[in-house]
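One protein chain, two forms: both are listed below as structure tokens, the first as structure 1 and the second as structure 2.
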Structure 1
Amino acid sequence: MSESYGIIASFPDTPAFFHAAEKVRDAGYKKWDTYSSFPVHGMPAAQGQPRSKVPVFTFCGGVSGFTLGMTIVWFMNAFNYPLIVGGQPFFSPVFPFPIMYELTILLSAFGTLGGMFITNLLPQHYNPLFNSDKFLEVSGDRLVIAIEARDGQYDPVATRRFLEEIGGTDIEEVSA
């Protein structure tokens, strides 16, 4: 027999799905997730997810871009090609403003994209949930909660009973 990945359960409508997520969170499960074809307002809070760390990556990218732009212009004006223009000093933060601005925006965007990939663990080429026909219906109108077997509280019988108690239907154990 193959190893179990976890158990999935379907829910009939969005309110039932939302409240079931709150109950799973309150039960203390850590390795679980919700799947739907559309965003459900407030679902991250219902799942107990902390605030996203992507803005930290954006900020670091922006600071790196600003610093890089300032350093490039400073190096070129002060050492590489010192040229006095209009009686201004070799380095002034006024002239490189477009370069600093553009590099700040560019590296902020790269930081955001990279942070999104890192925090979402992408690219993920394989997920055992794709082996379930019921899970594939999530792209239609199915609302699914999946509790993974690697969760500390996971017990095949108790978890299945818990999902039935909170209103889950079409409960299926997914193999890894």
Structure 2
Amino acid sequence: MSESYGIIASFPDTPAFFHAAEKVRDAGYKKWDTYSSFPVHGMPAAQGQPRSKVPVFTFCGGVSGFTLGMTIVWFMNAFNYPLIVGGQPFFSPVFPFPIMYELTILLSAFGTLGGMFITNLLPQHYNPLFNSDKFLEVSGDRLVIAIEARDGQYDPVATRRFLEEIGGTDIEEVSA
């Protein structure tokens, strides 16, 4: 048999799935995840995951957008080609505010989407889990927990038994 990616177990309903995740967290496993076709309310806490880092990317995007907006308006209308219009100053942060506002939002949005991809390590078009027929059913209503073989605590027999104890069914070892 080829090298193992880990073990997956299914759970009958959302509460059982949620509480099982808490038990895996409490058992001290590190390289594991839950899989469901919808976000489960409160699951990050049940999995012991910290707050998402996506806002950092949004913030960087927003600051870049604001700075870019200021810079282009100053460069184009006050520095490179100054032109008096209606007695208004060559540069002021007030009149072109919509430009900065819109660019702040635009780059924040790119930062957010990019941040989502980066923090999720996507795109990743291949993953051993895709080879499992049971895993493919996650897109329907299957609720799955997968504990990976690279986890320090992983043991093919003990981990399987542990997943059984916390209510897992259809337990399957997925090869890497």
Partner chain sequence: MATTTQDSSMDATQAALLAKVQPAELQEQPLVTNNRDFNWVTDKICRIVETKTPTWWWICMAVALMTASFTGLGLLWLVSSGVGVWGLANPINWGWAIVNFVFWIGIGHAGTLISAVLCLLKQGWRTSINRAAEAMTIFAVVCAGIFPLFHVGRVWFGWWLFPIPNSNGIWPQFRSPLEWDVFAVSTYGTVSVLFWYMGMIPDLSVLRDRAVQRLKKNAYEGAGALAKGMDIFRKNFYAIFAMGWRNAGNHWRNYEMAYLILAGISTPLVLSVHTIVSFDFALAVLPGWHTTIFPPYFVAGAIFSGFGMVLTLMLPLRALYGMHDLITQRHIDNMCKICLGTGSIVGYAYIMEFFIAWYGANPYESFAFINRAFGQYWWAYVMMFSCNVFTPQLFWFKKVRENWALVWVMSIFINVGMWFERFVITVTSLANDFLPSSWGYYSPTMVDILTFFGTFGLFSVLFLLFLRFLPLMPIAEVKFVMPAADPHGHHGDAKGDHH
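For the two forms, the rigid core is made up of the largest set of C-alpha atoms that agree within 1.5 Å on superposition. Note that the structure is predicted; figures quoted are calculated from it, not measured. All residue numbers here follow the sequence of structure 1, with the first residue given the number 1.
Structure 1, rather than structure 2, originates from the form predicted alone.
Taking 2 Å as the criterion, Asn80 does not count as shifted between structures 1 and 2: its C-alpha moves by less than this amount when the rigid core is aligned. Relative to the superposed core, Phe90 has its Cα moved 3.0 Å between structures 1 and 2.
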